[in-house]
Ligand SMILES: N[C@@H](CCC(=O)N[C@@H](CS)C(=O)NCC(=O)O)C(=O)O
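Okay, so here's just one chain, in structure tokens, the form predicted alone.
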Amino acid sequence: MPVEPALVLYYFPRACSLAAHIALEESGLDYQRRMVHLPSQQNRTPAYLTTNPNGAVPTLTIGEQTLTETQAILTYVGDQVAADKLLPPAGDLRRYRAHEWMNFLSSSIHTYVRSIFRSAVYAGDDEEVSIAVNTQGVNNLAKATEIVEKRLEGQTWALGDAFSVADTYLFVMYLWTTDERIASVPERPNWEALAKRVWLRPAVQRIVAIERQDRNYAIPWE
């Protein structure tokens, strides 16, 4: 029988890599984990840049191959297990809804939160511009939150009745919106209810416990 390629996830606790970390644990696939310590810029070392030239997490190595970007990794993981366990098969409209969700979270929610957490990335050394970027990030996040709320209306999970990799990404982005560095976020009961359901999954609690050994971040409902 062919030998399955070794999977190694490079992550940092509560970064967007948490979505991939949860998906791998939910999948039941054999994998290893290696933390990349972002505060000390371990992601900028020559060794890590050889693995991921973008200097970002998550990274998933698949044998001799390397896969980057959260959506790509979530899709790969979903496709390695039985159809509908984590991602609907090709031809099923729900699969494209999953990509719709993941694209929106990556291009909008993630970007807006980043502009709040790391305004200088966009503003440079200009403090006045940095404040303006932060303020606009809060405004943009508020509008995007309303979109999430509307899309989740009447839904148990992002795709309806079935848990998927899209829910792992929604969970992480929800955690980010509870960060005290964000001046304000609209009420988001639908998003919160989904995030709570994700949190109750045993695989999620296992991964959060592992990540907290290196970064003790808060879960709102504990």
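All residue numbers are counted from 1 along the displayed sequence. Given the structure is predicted, the values throughout are model-derived calculations rather than measurements.
The form predicted together with this ligand is left out here; the points below concern that form.
- Proximity to this ligand in the predicted complex, taken as heavy atoms within 4.5 Å, picks out 41-49 from the listed stretches 155-163, 183-191, 23-31, 41-49.
- Screening Lys85, Arg118, Arg151, Arg94 for any heavy atom within 4.5 Å of this ligand in the predicted complex leaves a single hit, Arg118.
- Note on contacts: among Gln80, Ser106, Gln136, Ser130, the single residue with a heavy atom within 4.5 Å of this ligand in the predicted complex is Ser106.
- At the 4.5 Å threshold, heavy atoms of Trp176 reach this ligand in the predicted complex.
- Contact annotation for Val57: at least one heavy atom lies within 4.5 Å of this ligand in the predicted complex.
- For the chain shown alone, Ala19 is not a contact residue for this ligand in the predicted complex, no non-hydrogen atom being within 4.5 angstroms.
- Ala15 belongs to the set of residues with a heavy atom inside 4.5 Å of this ligand in the predicted complex.
- With respect to this ligand in the predicted complex, the three residues Phe171, Arg201 and Glu211 uniformly fall beyond 4.5 angstroms at the level of their nearest heavy atom.
- Contacts between stretch 63-94 and this ligand, counted in the predicted complex as any heavy atom lying within 4.5 Å, involve Glu69, Thr70, listed in sequence order.
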